[in-house]
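One chain comes next, on its own, written out as structure tokens in the form predicted alone.
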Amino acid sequence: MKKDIKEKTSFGVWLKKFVSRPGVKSVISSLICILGGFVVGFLVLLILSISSEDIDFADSFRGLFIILGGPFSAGNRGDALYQFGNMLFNCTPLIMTGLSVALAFKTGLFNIGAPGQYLMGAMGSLIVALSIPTSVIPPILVWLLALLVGIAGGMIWGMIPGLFKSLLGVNEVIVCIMTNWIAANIVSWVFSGSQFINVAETKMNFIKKTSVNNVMTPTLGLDKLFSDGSLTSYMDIGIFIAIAIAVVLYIMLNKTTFGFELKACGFNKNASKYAGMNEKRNIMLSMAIAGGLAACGAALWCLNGHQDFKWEVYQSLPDVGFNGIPAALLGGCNPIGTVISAIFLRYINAGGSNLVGQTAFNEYVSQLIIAIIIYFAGFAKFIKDVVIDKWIAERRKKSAAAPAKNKPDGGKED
């Protein structure tokens, strides 16, 4: 009997220690959010199939499996490879905007300005890539310069909320919202009536593809590897650059003094100041780096060579800038977790696209399911910091009370 109690107690202690780890808590909270999103999404499919005569009841189950299948739920192997390649390509800007939001969160800041930083990065990289003649300078050097200019543009734009926050105490959310729309109007004004508009393909609302100047992100044959035979995907090395940046960011945050100062500033700005850290500098640098990350995602997307960038953005902001928020939250604001969550979000998005062609559900339903899952991603931090911590606290109380109950006299001392 005592042996059984000891084994149960030792297992309980191990379980509490295991679940108490920050990384484990983040993974568990993210999985709960994903599961909750899928359950509610499936209920929506069930309700629609029951209430509509045009939709088969079996379509609700089939639709769930199609979404879970992502790009692999396509009709054949060629389509699956093609969709998978494009999915990985579209992950790149989402990873970068997710990292932008995650880094700011680590410093105690909410970077809702990623859309504006994204636009400034796109504008800078496109102007450089389309202006410098590749007959004079090698295309790869133009590509590298365009990437760096785009990142610099985002860093400058990201530093503006950092300056207002650190020097004037203005809430960064307010400044970020304003800079988003200022950036949208600047981009629209710069490209309006310019030589960069895609007149040749009669796409007057879009900028020329960088391939017209022979400036393209290297593919290393990945675009042909992920193809359906007739069409090659947009896949390039951009996603590997994004993953490498995430790894560097993870090392910086967890293994360097600068990273420790950023996180300390996020935990308690006043305490970090008392400890001798320059909290104002850290806030400015954090927002500048966050802006550069979002801009890097835009530059990698635009410099692919096959993408049309819509320049009339004064009335709308790029969705990928805002989608970086759930990607960061679902990943626990961990750089590696953000990469995984961004890939997951694009994965189910690809499944939602296949839902339209293989079931009676329309495209709005697939977007609704994806939106529900993204909405649940916003509860990841709440589940980690409240639900799981409460469960651990209750387990500790039970463990503390257990020895007293196991005494022969009911826990009373002689």
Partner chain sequence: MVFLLQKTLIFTVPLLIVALAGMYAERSGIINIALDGIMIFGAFIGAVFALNIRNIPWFAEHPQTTFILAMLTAAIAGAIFSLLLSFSAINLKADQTIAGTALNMLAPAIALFFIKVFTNQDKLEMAIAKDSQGNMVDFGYVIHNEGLGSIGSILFDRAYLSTYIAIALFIVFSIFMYKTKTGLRIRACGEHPQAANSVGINVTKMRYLGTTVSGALAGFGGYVYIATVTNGTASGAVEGMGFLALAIMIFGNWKPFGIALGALLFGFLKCLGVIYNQLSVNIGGEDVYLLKSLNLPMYFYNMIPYVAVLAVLAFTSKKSRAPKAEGIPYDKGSR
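Note that the structure is predicted; figures quoted are calculated from it, not measured. Numbering follows the first chain given and starts at 1. Between two forms, the rigid core is the largest collection of C-alphas that superpose within 1.5 Å.
FYI, the form predicted together with its partner chain isn't displayed, but the following is about it.
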- Only hit among 170, 200, 248, 225 for heavy atom within 4.5 Å of its partner chain in the model of the complex is 170
- With its partner chain left out of view, choose which of 219, 232, 211, 188 has a non-hydrogen atom within 4.5 angstroms of it in the model of the complex. 188
- Message: Please determine whether each residue of 55, 179 and 326 possesses a non-hydrogen atom within 4.5 angstroms of its partner chain in the model of the complex.
- Response: yes
- Item | Which of 107-115, 135-143, 287-295, 79-87 sits within 4.5 Å of its partner chain in the model of the complex, heavy atom basis | 107-115
- Query: Is the gap between residue 312 and its partner chain in the model of the complex 4.5 Å or less for some heavy atom pair?
  - Reply: yes
- Message: in the model of the complex, is there a heavy atom of its partner chain that lies within 4.5 Å of any heavy atom of residue 175, even though the partner is absent here?
- Response: yes
- Going by a heavy atom distance of 4.5 Å, is residue 301 a contact of its partner chain in the model of the complex? no
- Task: Determine whether any heavy atom of residue 357 comes within 4.5 Å of a heavy atom of its partner chain in the model of the complex, and answer yes or no.
- Result: no
- Message: How about residue 345 - superposed on the rigid core, does its CA move between the shown form and the other one by 2 Å or more?
- Response: no
- Task: Might you say whether the CA atoms of residue 374 and residue 83 end up closer or farther apart in the model of the complex than in this form? Their distance differs by 3 Å or more.
- Result: farther
- Message: residue 370 and residue 106: their C-alpha distance differs by 3 angstroms or more in the model of the complex. Do they come closer or move farther apart compared with the shown form?
- Response: closer
